[in-house]
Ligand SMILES: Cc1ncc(COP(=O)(O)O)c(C=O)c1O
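To begin, one chain is listed below as structure tokens, in the form predicted on its own.
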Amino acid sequence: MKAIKKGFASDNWSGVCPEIMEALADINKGHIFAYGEGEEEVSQTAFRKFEEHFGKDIKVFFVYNGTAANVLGVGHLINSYQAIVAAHSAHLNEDECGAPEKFIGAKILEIHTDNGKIVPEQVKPFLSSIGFQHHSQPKVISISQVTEMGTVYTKEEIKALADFAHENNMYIHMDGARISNAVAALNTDFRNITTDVGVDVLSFGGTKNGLMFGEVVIFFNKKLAFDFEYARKQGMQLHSKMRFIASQFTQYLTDDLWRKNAEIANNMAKKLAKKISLIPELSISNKVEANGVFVLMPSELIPKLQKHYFFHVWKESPVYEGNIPMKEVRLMCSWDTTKEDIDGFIDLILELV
């Protein structure tokens, strides 16, 4: 099958990075305990790697994909009569095909935000429902790091939300599908923006940064993880050949492979944004803080570019600059995006405009 020409659609369109592929090949030998059970050392090695990065008082569970990590992680914290507070743009709200509502049965309370972030003051109005039996009871604040708008929460912003949650008998969940990009952008470490600031549950992603498959649910209080193994099994996410997920994360968390991949993607996004900013017909519509670039471009230009470098239209409703209809598009850079990819894309834009 002929590979699609590299574009800017999503960082999960990319392939598997060589180090991860090598780890998969190395572990593909002989027989090993299924489900991570018994004396299966591969999973234990991965668990120790996570403890190095997040601390000892954690409980780690492998699942197959990000939707499961989000839904099972949050679902283990709440009852169906309780509610999840999240940005309207959150993956949990917009891109899980109703999975939270179906499998948790809980209501999502949306907060509109232009930059993808929420702050305690926006959550506060929902507290009036607490104790009122006719309303869903807010129980979890869910944030995305990186947000769906390409922005990054700082340590202080996360701590403020976590403190607010805990003061009001709530939990905080982090959708970390792109957490490596966030940590690289902040020039910090994983623990600094999770363990140290009070995050309760993290959906830790890797497939957008070079892994083949597999995500992780991390509980930062082992008591919260009580019986989660049964929820994971019932949720159809207990992978039988667990070694193929575990070995990827062991490699990913060794020698800062996660950071190397994330920095490439982030740096390519900065290069792309810089070049786009020099083209008068286009304009950057959001801060470029990680590996996503949001751009307003003439509507008629979009399909012409997509024939050669595919990307997604973020907002279909046009805005007008003068009499020219413009649409917002999202350009995502990956661990394998190159300067040549960016130059080719920019050259095509210049040719067409």
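A residue's number is simply how far along the shown sequence it sits, counting from 1. Everything quoted here is computed from the prediction, not taken from an experiment.
In what follows, reference is made to the form predicted together with this ligand, a form of this protein that is not presented.
K.L.:
Can you pick the one in 117, 243, 208, 139 that has a heavy atom within 4.5 Å of this ligand in the predicted complex?
P.N.:
Among 117, 243, 208, 139, a heavy atom within 4.5 Å of this ligand in the predicted complex occurs only for 208.
K.L.:
Just to confirm, with a 4.5 Å cut-off on non-hydrogen atoms, which of 101, 96, 263, 157 contacts this ligand in the predicted complex?
P.N.:
Partner contact (heavy atom, 4.5 Å) among the options: 96.
K.L.:
How about residue 185 - does it come within 4.5 Å of this ligand in the predicted complex, if we only consider non-hydrogen atoms?
P.N.:
Residue-level check for residue 185: no, no contact with this ligand.
K.L.:
Please run the contact check for residue 70 against this ligand in the predicted complex: heavy atoms, 4.5 angstroms, yes or no?
P.N.:
Judged by the heavy-atom cut-off of 4.5 Å, residue 70 is in contact with this ligand in the predicted complex.
K.L.:
Would residue 148 count as touching this ligand in the predicted complex under a 4.5 Å heavy atom rule?
P.N.:
Taking the distances in the predicted complex, the answer for residue 148 is yes, it comes within 4.5 Å of this ligand.
K.L.:
In the predicted complex, does residue 65 have a heavy atom within 4.5 Å of this ligand?
P.N.:
Residue 65 belongs to the contact set for this ligand.
K.L.:
Which among 174 to 182, 248 to 256, 126 to 134, 109 to 117 is in contact with this ligand in the predicted complex, heavy atoms within 4.5 angstroms?
P.N.:
Comparing against this ligand in the predicted complex, the contact stretch is 174 to 182.
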